[in-house]
Each structure stands twice: as C-alpha cells, then as structure tokens.
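There is one chain below, alone, in structure tokens, taken in the form predicted alone.
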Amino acid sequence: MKKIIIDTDPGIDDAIALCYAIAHPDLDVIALTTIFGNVGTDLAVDNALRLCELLGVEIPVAKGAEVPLSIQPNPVADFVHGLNGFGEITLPGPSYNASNLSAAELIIDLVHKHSGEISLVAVGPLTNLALALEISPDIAELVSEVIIMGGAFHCDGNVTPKAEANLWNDPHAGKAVFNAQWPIVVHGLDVTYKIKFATGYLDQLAKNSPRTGGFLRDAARFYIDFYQRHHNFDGCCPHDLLALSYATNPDWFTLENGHLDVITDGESLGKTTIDTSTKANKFIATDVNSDALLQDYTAVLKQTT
C-alpha cells in the first residue's frame, strides 16, 4: 500500500476525493492536514474529522495555517461549497480530537518516520507544505513524491482570468513548494475540468453506497447549482479527486515536463507557469483517461456503506 498524507480544505470536491482515498485498497492514508481555502482552517479540521467518522476510520488530523505566508487572506469560497463546506449537509460530530501537532509538524514527523515512502498529496493552498519546508528543508529529499491539485497552466483561471483558487490563495507558498527539490506532479484546471460528475452519476453512487454516496450526492447539489449558474452543466467537476487518482493510477495521465513557477504580485497574482525548455523533476498533467477514472471511482466507493 502507498502511504499518503493529504493536505486538504474540505470542501465538497475534497470530500469526494477523501472518500475515495480512504476507501481505496491501495492507499494508506496516514494523516490529514488541514488548510484554509474552501472553508476556514478551524472548519477544515472539523470537516476532516467528520468525514473520518462517516467512513468509520480514525486517521490523525492536524490543524494547519490560518492565513497565507505574505498576502492578506481571501474570503472563503462559501458561495461554491456552502457555509459549512458540505453544501449545508450536516454530518455527525467526530468521536475523537485533532492532533496536538500542527500540520507542518505532523508532516515533518511522518516524513522522517517513513523516509522515502510517503506521497504528499496537497489539494488546497500550499501554505502547510511551505511551512514544513521552512522548518525542515530536508523533507524535500525524503518524500517519495508530491502530488498537487492546483494551478492553470494552459487555460484560464477560475478565480481570476489568470489564476486558480489554490495558488491564488497563497502564491508565495506555491512558489516555495514548486521550487523545492522534491518531485512534483501538478493537476491543474487544464486536466481537472476534463472529469465531470453528472447528476445521474452521483445518483448511482448514492444507490450503490447509501451512506457515503448519499452524503456526496446531497452535498454536491449545492456545488452543482454553482456549476449550472457558471458553466451551464448539470453536474460538477471533482477537481481534487484527480490528485488522488494519480496516486493510484498514474498511467491514466498524460504529463508535461518543465520548470514550474507562480507569479506572486500584480494583476497576474497566482498565475502558474511551466517552462518546458528546462527539464526538471516537475510535471503537470494535461490529459486523463476519464472513462477509467469514473469506473474506478464507482468501484472504490461501492466498498463503503
């Protein structure tokens, strides 16, 4: 099994991704670290714990940064995910508490404990990863890989014409993470918009798995309303899922190699770039086998109640 730490801001698409990762037989989710973005950090902790309760697992959850490294914090995306992050659908409260360690501390501790084994999967702003690097730069040499959902390299952004939300929310953290020496694969809007959960697909998930799939379907209704208003689509894009799907099936993805960077000021704040003339251990995903991914998600979620 592949050991992974997921840095997350749950979030409806985070919930879709976390349910997949926790249920997947080939993944060992050894920690969840939380960050602001779709919700504030305190609510992100609570939501991560509630998802663990839903799935009947007790995974360490650590609270991360509450603000970006340098810029003023942006408002949370409650118009996309609802005030509680789950489309106003309430899950039962957790039966255990968050870790006493901060997100950065827990990342450092686990990476050292499992040197060379951990895939670090980040599906929110990259502040916690940047702080972990600042405290312990050697972790860049000790992780197996870093898999990120964020950015928009060859397409428009989703919060500004240039920027995707995760990198826009903390571009300085993104720059630090992109320029560290660890191997990175980034799943930006270039590829995440290629996967769509139609309402009929979500209904089938609920039929197959009434508890977990039913929650995801019900929470996604709020998210779908956003997509109907802004994208004229009766469904939603589970953006964060692609990073977790890559962790299990990297052969489904087409990658492009180059040097990655993030613009940290001006009108293009948060814009992500790739210089393909410079080869590095950095990649972005540009395409995905959508049929295989959707079939796999259905199969994995069937293993939940």
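Throughout, we count residues from 1 along the sequence that is shown. Predicted, not measured: the structure shown is a model, and the values here were computed from it.
As for the form predicted in complex with a small molecule, it is not shown, yet the points below apply to it.
Asker: Please check if Ser144 has a heavy atom lying within 4.5 Å of any heavy atom of the small molecule in the model of the complex.
Answerer: No, Ser144 stays farther than 4.5 Å from the small molecule in the model of the complex.
Asker: Under a 4.5 Å heavy atom criterion, is Asn128 part of the interface with the small molecule in the model of the complex?
Answerer: Judged by the heavy-atom cut-off of 4.5 Å, Asn128 is well away from the small molecule in the model of the complex.
Asker: How about Val186 - does it come within 4.5 Å of the small molecule in the model of the complex, if we only consider non-hydrogen atoms?
Answerer: Contact with the small molecule, no.
Asker: Look up in the model of the complex whether Ser102 has a non-hydrogen atom within 4.5 angstroms of the small molecule, and give yes or no.
Answerer: No - in the model of the complex, heavy atoms of Ser102 and the small molecule never come within 4.5 Å of each other.
Asker: Quick check on this chain: which one of Ala165, Ala173, Ala219, Val121 has a heavy atom within 4.5 Å of the small molecule in the model of the complex?
Answerer: When the small molecule is considered in the model of the complex, the option within 4.5 Å is Ala165.
Asker: So which of Met149, Val111, Leu202, Ala152 gets a non-hydrogen atom within 4.5 Å of the small molecule in the model of the complex?
Answerer: Selected residue: Met149.
Asker: Quick one: find which of 27-35, 255-263, 61-69, 232-240 has residues within 4.5 Å of the small molecule in the model of the complex by heavy atom distance.
Answerer: It is the stretch 232-240.
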